[in-house]
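Just the one chain here, the form predicted alone, laid out as C-alpha cells.
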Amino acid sequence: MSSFDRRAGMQFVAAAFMAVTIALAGPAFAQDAFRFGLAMPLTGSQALYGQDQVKAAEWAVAEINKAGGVNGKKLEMTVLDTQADPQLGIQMANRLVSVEKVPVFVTAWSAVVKAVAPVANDNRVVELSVGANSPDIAKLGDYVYTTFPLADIDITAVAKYAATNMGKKKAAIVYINNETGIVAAEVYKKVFTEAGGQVVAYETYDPKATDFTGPLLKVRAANPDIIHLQGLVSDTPQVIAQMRQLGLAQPISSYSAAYNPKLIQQLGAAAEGVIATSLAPGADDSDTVQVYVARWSKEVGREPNGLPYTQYLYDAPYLVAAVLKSLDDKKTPITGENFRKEMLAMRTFALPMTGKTTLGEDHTVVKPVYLMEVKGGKWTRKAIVGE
C-alpha cells in the first residue's frame, strides 16, 4: 500500500468516527424518521467556516423537530467530514449513499461538489450544493442542484459595478488556481471588459502558497485602478495583507468568502476599502436575520464566520423537509429519484433566512447581490444589485 493509500485510509477512518446524527429523537424514533446527509469540512484548513455552517444546519434541524418534525416524524441529519478535500469528499459521499442510504445530501466547496457529482448521478441521489460558487456546478448532471447563486451572479455584479458605478478603467485579477478561482476569474474578466474596462494583470497562485510576492509584484507593475481577488476564506486575508505591504493601496474587491468578521480582525486597517459580495440579507434587512445573528452572539459569543453561507446552510434542512413532507403527504416512497422529481415539481421554496428560492431549469438560482464594504472597521452596505 502506498503512503497516499495509507493516508487516505486513515482520513476515511477518522472522518467515519466523526459521523454524527443530529435529531431530537431517542431510539424509539429510529425507524420512524426522515434522514439526509451533510458533508462539510469539520477539520482541516476550512474547518473554521465549515463548523459554523454545520452548526447553522444543526440549529435548523432542531427547530424543525421542535415544531413537530416532518408530519410528526423526526428529521435526522448525518454529518460527515470532507476536510474540503475532493478525494475525502468522494469517500464521504459514497458512505452517505451506500451505507446511510440517504435520498439527498448537502455539501459545499466547489472542488468537492464537482468531485462527488458522479457519486450522486450514478446512485440517483440528489446532491445539493449549498455555498459553492463555480459556474460549472450547473452542468454536473441531473442529480446535482445548487441553492446558492453561482459566480456568474455575484462576480458579474461586482465586476459591472466596478466599471460602471465606480468608474474603474483598469483592473487586475488575482485568483487561486483551483475550481473556486479559475472560472470566477474568467467571469470577472469577461464582464469587466464588456463594461468598457481593461484587465491589465491576470495572475494566479497555488492553493498551497503562503508567499504571493511574485504575482503581486506583476500587479503592482501594471498599476490597476482596482484589484479583484478570487481566493478561499483561509488565504484571502494573507493575500490582501501582502498587497498592502507591497504598497498596493487600490480598492480590492472579492466575493462572499471575504465577507466575514475574521477578515477585519486579521487585517485591521488593511481591510479598509475592501468590497465583498453577500448573497443573503443582513441583520439590517431582515428581522429574522437580526434574531439569528443575536443568537450567535448570545450562544457562541461572536458573529458566524461567513454569515451568508451559514444562512444558506440554515435554510437547507427546511428545503429538504419541505420536499420530504410533500412526498410523505402523497405516500410516495422516499428515494433519491422521487426526491428529485418532487423538488423540481415544487421548484419554489419560502426559506427563513434567504427568502424565496426558485430552482431554475438550468440548475441555478438567482438572488439579489449585496455589495459590502469595510468602513471604519465594520462591514457596511455599499449597494444592492438585482433587487
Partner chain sequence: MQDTTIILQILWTSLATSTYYVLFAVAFALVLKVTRLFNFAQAAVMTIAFYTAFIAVQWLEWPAWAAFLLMMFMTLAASYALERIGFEALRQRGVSVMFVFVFTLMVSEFIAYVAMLIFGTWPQTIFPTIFWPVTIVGEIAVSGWDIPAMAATVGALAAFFAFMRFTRTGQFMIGVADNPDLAELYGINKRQIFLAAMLIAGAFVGLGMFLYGTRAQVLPQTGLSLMLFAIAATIIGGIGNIAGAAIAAVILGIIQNASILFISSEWQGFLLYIFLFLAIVFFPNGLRLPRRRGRFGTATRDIPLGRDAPPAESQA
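Residue numbers count along the first chain shown, from 1. Nothing here was measured: the structure is a model prediction, and the numbers come from that model. What we label the rigid core is the largest C-alpha set whose atoms superpose within 1.5 Å from one form to the other.
The same protein also has a form predicted in complex with its partner chain, omitted here; what follows describes it.
*Asks:* Would you please decide whether G214 lies within 4.5 angstroms of its partner chain in the predicted bound form, comparing each non-hydrogen atom pair?
*Replies:* Close contact exists here: in the predicted bound form, G214 approaches its partner chain to within 4.5 Å, heavy atoms only.
*Asks:* With the partner left out here, check for me: in the predicted bound form, does some heavy atom of A270 sit within 4.5 Å of its partner chain?
*Replies:* Yes.
*Asks:* At 4.5 Å between heavy atoms, is K139 in contact with its partner chain in the predicted bound form?
*Replies:* No, no contact at 4.5 Å.
*Asks:* Residue-level contact is defined here as any heavy atom of the residue lying within 4.5 Å of its partner chain in the predicted bound form; does K73 satisfy this criterion?
*Replies:* No, K73 is distant from the partner.
*Asks:* S98, Q266, Q87, N223: which sits within 4.5 Å of its partner chain in the predicted bound form by any heavy atom?
*Replies:* Of the listed residues, the single hit is Q266.
*Asks:* Tell me, which of A283, V300, M166, A241 has a heavy atom within 4.5 angstroms of its partner chain in the predicted bound form?
*Replies:* Looking at A283, V300, M166, A241 one by one, just A241 meets the 4.5 Å heavy-atom criterion.
*Asks:* When its partner chain is placed as it is in the predicted bound form, which of 114-122, 158-166, 257-265, 308-316 ends up with heavy atoms within 4.5 Å of it?
*Replies:* That would be 257-265.
*Asks:* So in the predicted bound form, are T43, A47 and D206 all sitting within 4.5 Å of its partner chain, heavy atoms only?
*Replies:* Contact check passed for all of T43, A47 and D206.
*Asks:* Determine the residues of 222-246 with a heavy atom within 4.5 Å of its partner chain in the predicted bound form and present them in sequence order; the list may be empty.
*Replies:* Residues within 4.5 Å: V233, S234, D235, P237, Q238, A241, Q242, R244, Q245, L246.
*Asks:* Is there a C-alpha shift of 2 Å or more at T156 between the shown form and the other one once the rigid core is superposed?
*Replies:* Not so; T156 is displaced by less than 2 Å.
*Asks:* Cα of E76 displaced 2 Å or more between the shown form and the other one, core superposed?
*Replies:* No, the C-alpha moves less than 2 Å.
*Asks:* Answer yes if the CA of Q87 moves 2 Å or more between the shown form and the other one after aligning the rigid core, and no otherwise.
*Replies:* No; Q87 is a residue whose C-alpha shifts by less than 2 Å between the shown form and the other one when the cores are overlaid.
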